[in-house]
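Read on for two forms of one protein chain; each stands alone as structure tokens, with the labels structure 1 and structure 2.
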Structure 1
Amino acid sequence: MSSDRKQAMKMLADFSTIGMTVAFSVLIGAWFGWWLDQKVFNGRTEPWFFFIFLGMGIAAAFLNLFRMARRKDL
């Protein structure tokens, strides 16, 4: 492979993760908060951990987007 094609492959691999990372970060955050609420505290803290970790998941998603956008090698 020439170096242009190699660079293109690398970018393809890198950027193909963005969409899935956003979705899965939100899902993992929401699931973990739900798990804390329901299984660890038996529903006593009902909506709070869910919303806190949902927010953290969304923050993680946007942090990844932000890092991708600030890359220097583009």
Structure 2
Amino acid sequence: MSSDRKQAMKMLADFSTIGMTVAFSVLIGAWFGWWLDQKVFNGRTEPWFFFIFLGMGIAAAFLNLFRMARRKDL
């Protein structure tokens, strides 16, 4: 495999990892908040835990982006 092709594949892998990390962080936070609202508290706290954990998921996504950018020098 040529050097340019290897570099392109490496960049593709890095960017797909970034995308999946952001998406999974947000989705897991939102799902956990929804689960707490619906299953643990039977909808009495709806939508508070959803929004709290959605915000935490977004914060985790940005933290992961920051760490990857520092490590990879993107």
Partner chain sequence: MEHPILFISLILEHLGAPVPHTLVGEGWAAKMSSPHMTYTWLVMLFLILAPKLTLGKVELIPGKAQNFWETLVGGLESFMADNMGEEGARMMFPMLATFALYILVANMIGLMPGFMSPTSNLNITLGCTLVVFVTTHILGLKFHGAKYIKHFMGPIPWLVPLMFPIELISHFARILSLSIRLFGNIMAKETLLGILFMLAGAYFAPLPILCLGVFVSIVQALVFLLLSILYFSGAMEHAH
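Residue 1 is the first residue of structure 1, and the numbers go on in sequence order from there. The term rigid core refers to the maximal set of C-alpha atoms that superpose within 1.5 Å between the two forms. The model shown is predicted, which means the values in this text are computed figures rather than measured ones.
- Only structure 1 of the pair represents the form predicted together with its partner chain.
- Once the rigid core is overlaid between structure 1 and structure 2, A59 does not reach a Cα shift of 2 Å, moving by less than that.
- Once both forms are overlaid on the rigid core, the distance between the two CA positions of I18 between structure 1 and structure 2 is under 2 angstroms.
- Fit the two forms on the rigid core and the C-alpha of A8 turns out 8.2 Å off between structure 1 and structure 2.
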